[in-house]
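This document starts with one chain, in the form predicted on its own, laid out as structure tokens.
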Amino acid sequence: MKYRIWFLIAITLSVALPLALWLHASSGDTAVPFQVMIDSLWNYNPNNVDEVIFREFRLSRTLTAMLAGSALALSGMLMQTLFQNPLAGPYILGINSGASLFVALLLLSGISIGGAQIGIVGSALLGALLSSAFMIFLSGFLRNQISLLLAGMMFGSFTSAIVAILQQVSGAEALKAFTMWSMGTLQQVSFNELSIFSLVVICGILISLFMAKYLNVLVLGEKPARLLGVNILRTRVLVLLAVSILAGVTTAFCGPIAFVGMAVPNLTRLLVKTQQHHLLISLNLLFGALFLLLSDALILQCSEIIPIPLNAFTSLIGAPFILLILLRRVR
């Protein structure tokens, strides 16, 4: 029975992921011929308008959706394993809050740093990294995961209060720019920036794979894991480092994207009853990419009828799913 489930999952993913890639890449206001897609990949002509549009807008958005979905799903799985809580997510330790604070300081203060997009990405990445470094520093002094969780929540509340004050005193244009960023988008990453995005995500994946055997033991609890020789502090720091890299770079390039990091790991564990983290890491990468590709493809299909912000769409899907998880646990 177990092998049959694995076989069905493998077949489903091998069919669904290429279909989702094609559906997303072909979604939009105008149809793109298949030959143009092929030429933009293998025989790119920068003077061909159709190829430029597909490569810089369609293809870059598709690859961004894959990277962002995989990164958020994996970082959410790491946090749920660390805290042994299905409601834990990649932003629970204030990574999103730190990024939002620095973007708010940039946009709501009227400061201009390079190009608008470069300034936003740089500010968000700096805020995410500094908040992550602060939480990693705190983790060395806090005895258990619950204390770390509470510290992250308090840090998030503190930064949110500062952002609220900045919003109150900012002008209409600055407030609109910050609101648009906070809705999340996959369209702001250029084709050239994808190499940076992918390299950073790969670093986070490699750290996660290195920790997989320790995470397998950590699911037993802190005390049993410590008795079995796991260095809890080092594992905690490495988990926070991986989550900071994955969630931080995604927030920097795409803005905050809700519920992907919380819903996808829960869905994966529902489908696959395993605590082998090598498998969980692989499946979360695939399911995360599939989830965000399909979500954004639906947004693109509905764009002529009603424009739906990415953050709102993932919340509409993710929130009911998490509620079902809670009800299932109560029963």
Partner chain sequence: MIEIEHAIIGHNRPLIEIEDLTLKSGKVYAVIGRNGVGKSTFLNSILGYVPLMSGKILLNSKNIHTLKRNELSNNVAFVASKFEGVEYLRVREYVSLGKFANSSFFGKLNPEDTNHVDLLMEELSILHLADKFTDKISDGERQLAAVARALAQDTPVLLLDEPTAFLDYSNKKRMIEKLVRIATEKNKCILLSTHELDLAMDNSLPFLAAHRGILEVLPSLRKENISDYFH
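Residue numbers count along the first chain shown, from 1. These numbers were taken from a predicted model, which means no experiment stands behind them.
Although not depicted, the form predicted together with the partner chain is the subject of the following passage.
Interface residue among Ile146, Val169, Leu228, Leu199 relative to the partner chain in the predicted complex, by the heavy atom within 4.5 Å criterion: Leu228. The partner is absent here; in the predicted complex, the one residue of Gln275, Asn48, Ser26, Ser303 having a heavy atom within 4.5 Å of the partner chain is Gln275. Mapping the unseen interface onto this chain, Tyr214 counts among the residues with a heavy atom inside 4.5 Å of the partner chain in the predicted complex. The closest heavy atom approach of Phe137 to the partner chain in the predicted complex falls outside 4.5 Å. Contact check for Arg58: no non-hydrogen atom falls within 4.5 Å of the partner chain in the predicted complex. Of the heavy atoms in Val52, none are within 4.5 Å of the partner chain in the predicted complex. Just one listed stretch, out of 214-222, 171-179, 74-82, 249-257, contacts the partner chain in the predicted complex at the 4.5 Å heavy atom level, and that stretch is 214-222.
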